[in-house]
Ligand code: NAD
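Only one chain is given next, in C-alpha cells, and it is the form predicted alone.
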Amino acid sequence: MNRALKVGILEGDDIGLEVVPETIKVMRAAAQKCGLEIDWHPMPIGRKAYDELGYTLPPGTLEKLDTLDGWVLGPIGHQAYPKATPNAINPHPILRKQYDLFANIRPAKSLPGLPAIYDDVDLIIVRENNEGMPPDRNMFMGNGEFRPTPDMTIGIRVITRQGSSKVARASFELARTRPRKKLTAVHKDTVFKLACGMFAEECRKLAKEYPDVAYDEVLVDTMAMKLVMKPQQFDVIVTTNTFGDILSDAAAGLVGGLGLAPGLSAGPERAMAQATHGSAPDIAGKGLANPYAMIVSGQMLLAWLGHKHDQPKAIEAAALMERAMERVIAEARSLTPDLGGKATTSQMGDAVAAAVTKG
C-alpha cells in the first residue's frame, strides 16, 4: 500500500484541547522523519462542537470517519454536558459500536526514572469494548439498566461468543508478538457460570490454535490481588469490559498513574487512539496536563496502522516516537509537574518532537 494514511483529529474536551495538539505535533514529526505521508482531518466533537454547532457529535462526523483509516480522540468530559438534551450525547459508545472497536488495548509499563510502586512492569490489558455491563453500549435499542420499581434497579450484562472470540483472538495475536508470549484470561466463571463461562470457553478454544503462546486463567478477584503483589508476572491479559476497565486503572496506579496510561481501541478496519485518563477540567487551560498518555496512544495508532496496511514507514515512525519519549523521560528535563518537572504541556510535546527529529 502506497497511498497516504488518512487520520482524523478529534480534540475532545478540557485538557484534550491541549494534549491532542501535542500528540499530532509528535506524530507529524515522526511521519516527516520517516517519509510517511499522512492526510490529517480535523473534526469537531464534544462540548466545543456543541457550543459552535449544536451537537456533541455533529451530523456528518460518522460518515467522514468512515472514510478514514483511524483517528486520535481526546478525552471526553460528557459528565458536564447539558442533561436530558438529545444533541448533547456521549460520543464514546457510538464511535466504538459504529466501527466495531471491540478491543481496548491498555498498556501499563514502569519507566526508568519515574516514580512507581513497582519497577520492571510491562503488561497489556486487552478489554472487550462493546459488550458487558455498560448500559450505553450493550443494547441495540433502549438501555441496559432499568428501574421497575422505585426501590429496584436491574442491570443487564451481555456476553456473546462472537465478541468473546474476537477479543480473545486479538489478544493471542498480540501476545504472539511479545518476547514472553504469554496470555492470561481473567473471568469469574465459578460464579457467573454462563456469562464468564462463555468468555472462558472461547478463550480456551482459541488457545489450541496458538500453541506458541503460554495460556493460563485467573479469577478476577485473585487477579486484583496478584496485580498488587507481583504485576511483573503478567504479560498480556484479556478480560471482559468492566473487569478490564477496573483492572487497567489499577495497573496504571502501579506504574505511576493515569497520566502514564495510553490506550487504543481497535476493530477489524479502523482504530482510535484514546488515552485512558479523563478530561481533567480542574487543570484544563493551565498548561499542566501530562501529554504522555495521549502521545503514546498516537504512537500505538501508527504501529497498528502500519501493520494493518503493510506500511513499514508507519511502524518505523511509531518506533521512533517510542524511543523519543523514553529519551525525554530519561533526561528528565522537559517533564510536566506530575512527573517531577516544571515543563508545560506544550514544552514537553516540543521536547518529544525534537527528540523524534534528532532520531
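Sequential numbering from 1, following the sequence displayed. Quantities reported herein were computed from a predicted structural model and do not represent experimental measurements.
Just so it is clear, the following notes concern the form predicted in complex with ligand NAD, a form of the same protein that is not shown.
Trainee: Using a 4.5 Å heavy atom cut-off, are 37, 311 and 314 all in contact with ligand NAD in the predicted bound form?
Mentor: Per the other structure, none of 37, 311 and 314 touch ligand NAD.
Trainee: Ok, 287, 281, 135, 197: which has a heavy atom sitting within 4.5 Å of ligand NAD in the predicted bound form?
Mentor: Of the candidates 287, 281, 135, 197, 281 is the one lying within 4.5 Å of ligand NAD in the predicted bound form.
Trainee: Looking at 121, 271, 76, 227, which is the one with a non-hydrogen atom within 4.5 Å of ligand NAD in the predicted bound form?
Mentor: Contact residue from the list: 76.
Trainee: Out of the stretches listed (163 to 171, 271 to 279, 204 to 212, 188 to 196), which one is close to ligand NAD in the predicted bound form, meaning heavy atoms within 4.5 Å?
Mentor: Of the stretches listed, the one contacting the partner is 271 to 279.
Trainee: With a cut-off of 4.5 Å between heavy atoms, is residue 258 one of the residues that contacts ligand NAD in the predicted bound form?
Mentor: Although ligand NAD is absent here, residue 258 would touch it in the predicted bound form, with heavy atoms inside 4.5 Å.
Trainee: Although the partner isn't part of this model, could you tell me whether residue 15 comes within 4.5 Å of ligand NAD in the predicted bound form, counting any heavy atom of the residue?
Mentor: Although ligand NAD is absent here, residue 15 would touch it in the predicted bound form, with heavy atoms inside 4.5 Å.
Trainee: Taking any heavy atom pair closer than or equal to 4.5 Å as contact, tell me whether residue 338 reaches ligand NAD in the predicted bound form.
Mentor: Taking the distances in the predicted bound form, the answer for residue 338 is yes, it comes within 4.5 Å of ligand NAD.
Trainee: What residues of 50 to 69, in sequence order, lie within 4.5 Å of ligand NAD in the predicted bound form by heavy atom?
Mentor: Contacting residues: none.
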